[in-house]
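We begin with a single chain expressed as structure tokens, specifically the form predicted alone.
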């Protein structure tokens, strides 16, 4: 059986498991079984040569995993202990992007395990790539730059939104100004532990509400939510707001990040519902 056939069979098996989910005593077990099949399919897709068929299969797998994630999140959209309760109503419904629903809490979603950080003050972020001056900054050095607190909304691709987040940090534009982007620089790849990346165009990264943040609602960012340092990009779905930031690498072209390589949209504008590459 070739790679494409094996992937297609795994997708069909996952679909069959989901169809029979209602008859299971514990539907969550069916979702877990389907997700395991889809994760195997995703790994096999990564081994296929680049091309339209790989992109098509990637999108099929990604959409199905996204559906499972959204269903599981329904049980998480409640107030979070130790986190300020967020508003769940708005006077102007246009404030909330289409397809989103509000949560008073702050669900935790990320790739892999949160890193162990023995000494947050030792955390470093580098700015490299198409720059005139490579930067290597500690958390203390970042705090020495012009600091702001910006209130903005966070929109997750799994369809929840958390309103009125007060982020404290340094505008990314302040950092980029010190690195002096070269004329050919057009995009950035932002990396975070563990081996996670997201791509952004430079105009989006330089928006005034885009921060390297170390505090949320007046408290230091906890590890689960990206502490000691995370990127915050309010105009994009949450996977672009990279947790545990370690590097901003400027490039002369758009280079897909972790989720973008797996079928998610390169831009990720929640107002246009740009969840997947073909949206």
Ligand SMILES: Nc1nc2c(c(=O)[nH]1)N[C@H]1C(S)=C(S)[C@@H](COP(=O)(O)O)O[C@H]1N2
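Positions refer to the first chain, counted from 1. Quantities reported herein were computed from a predicted structural model and do not represent experimental measurements.
This next part talks about the form predicted together with the ligand, which is not shown.
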property	result
Residue contact check: residue 109 to the ligand in the model of the complex, 4.5 Å heavy atom	yes
Non-hydrogen atom contact residue 31 with the ligand in the model of the complex at 4.5 angstroms	no
Touches the ligand in the model of the complex: residue 214 (any heavy atom, 4.5 Å)	no
Partner proximity in the model of the complex: residue 230 to the ligand, non-hydrogen atom cutoff 4.5 Å	yes
Contact segment among 156-164, 140-148, 126-134, 176-184, judged by heavy atoms lying within 4.5 Å of the ligand in the model of the complex	156-164
The unique member of 210, 242, 41, 248 whose heavy atoms fall within 4.5 Å of the ligand in the model of the complex	242
One residue of 63, 225, 219, 53 in contact with the ligand, assessed in the model of the complex (non-hydrogen atom, 4.5 angstroms)	225
Partner contacts in the model of the complex for 178-205 (non-hydrogen atom within 4.5 angstroms of the ligand)	192, 193, 196
